[in-house]
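Take a look at this single chain, the form predicted alone, given in structure tokens.
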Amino acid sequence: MKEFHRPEALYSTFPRKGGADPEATHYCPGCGHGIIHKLLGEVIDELGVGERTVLISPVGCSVFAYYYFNAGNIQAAHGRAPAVATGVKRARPDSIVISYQGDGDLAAIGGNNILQAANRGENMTVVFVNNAIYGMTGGQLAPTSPLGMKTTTTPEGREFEEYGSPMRVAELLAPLDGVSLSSRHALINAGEIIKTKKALKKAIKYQMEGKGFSLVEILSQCPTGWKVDPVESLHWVEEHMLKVFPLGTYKDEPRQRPTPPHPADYEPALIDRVIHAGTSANGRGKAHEPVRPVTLPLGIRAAGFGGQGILLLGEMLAKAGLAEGLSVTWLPSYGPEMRGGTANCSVVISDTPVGNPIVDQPNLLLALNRPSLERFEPMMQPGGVVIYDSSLIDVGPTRSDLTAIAIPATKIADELGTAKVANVVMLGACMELLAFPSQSERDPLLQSISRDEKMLEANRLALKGGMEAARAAAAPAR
């Protein structure tokens, strides 16, 4: 005889919820979330993944999933569960990440988040609870509300001319290459509930096997939002939702995602390109001796005022690192003013995966105005390098434990006929310091800025000017 019991993946009581009855949920009578929770708990138990499951629950009726699931739980901002799930899965690939979302969350404010995660083929499982209404916030129109449906924001019923047709998420995501499984199910009877559980189990198994993005859409009843009793809500699904959202599997093509290389598998001795004299970049020709030995990881701050191309400078440094096969991050920061305000960015270049994109203590600073130098110099690591635009900064760094390299970037740019390329001059100076990327990688880098031949030539000359200025600044030290 089979014994039935509450899944271990669900708590036996729910004291976090508060209230007099610790065994009651916060869901309305007849709501489908309770059934889905039970199915998901059973699947987690049967697959034996409770200890490594992380449930992401954004704003919506299910936001308090941590009341119920005996697993890792993270609450996310409205619509952002796929982004949080991506971060968790990439940081902990061994985890089982489940993004549990409603239709107002996933298909509305989170539409781009789910689309991009699916397109990237993120190795996660999405449980999409579609009850065709904003259940938590008062019964407003949702992207999945059927035509003619009356809600608090469409008291006369949804009209195509005003709101378009309801969004069919399972069909929308199925054609994307990154999607392994996209199916739709319902909770209208025992047979369909069993099919729903099988789909959830398959989706999580695909994640365990590294086969990419899976979505299980579940048509769920919402008696309160629909203003019907729980029994009638089941008929409402059949009469109104199944016509718009046909049940079935829209894609089931699991594909093995490529395994990213382990840091130990990267080309060896990358750091030697940066530190040691006479080392060639990727073995392509003899490189000149760097101006100053700089070790990896590089924590770079580029700073100046808005309009100087600071963020682009940081982006180009990150791309230069990518061209060398290194791990990079680029994190911009700027004030409210588009021009004239402050602007800076953090760039990390490393021969191992980057765990933190924020550079609080840079070992390389590119300063294009005096306020930036004064702000970031105190944060520098001892032994760091400061490259500054001596055309605009009349006082160099004051710390004796830093190496200062003065580059007249704006003057060089003006002599080339456009102050716009001063950031590229600084890029050239930095590349001289780092001894990468190689000559063959430089033109593609500049073409990513502009393919206009006149501007491209100006950038080539600016890059060359910055490299020559850095060599000249370092000449007395050699």
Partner chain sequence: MSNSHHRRFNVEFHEDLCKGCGLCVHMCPHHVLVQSERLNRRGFHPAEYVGEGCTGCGICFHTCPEPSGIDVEPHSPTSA
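Residue numbers count along the first chain shown, from 1. Because the structure is a prediction, the values reported are computed rather than measured.
Omitted here: the form predicted in complex with the partner chain. The next part is about that form.
- Only one of the listed residues (Leu434, Cys61, Ala413, Cys31) places a non-hydrogen atom within 4.5 angstroms of the partner chain in the model of the complex, and that residue is Cys31.
- For the candidate set Ala406, Leu176, Ile193, Met149, a heavy atom within 4.5 Å of the partner chain in the model of the complex is found for exactly one residue, namely Ile193.
- Residue contact check for Met380: none of its heavy atoms lie within 4.5 Å of the partner chain in the model of the complex.
- Within 4.5 Å of some heavy atom of the partner chain in the model of the complex lies at least one heavy atom of Ala24.
- Proximity of Ile188 to the partner chain in the model of the complex: non-hydrogen atoms within 4.5 Å are present.
- Shown alone here, Ile449 lies farther than 4.5 Å from the partner chain in the model of the complex, counting heavy atoms only.
- None of 164-172, 125-133, 151-159, 225-233 except one has non-hydrogen atoms within 4.5 angstroms of the partner chain in the model of the complex; the exception is 225-233.
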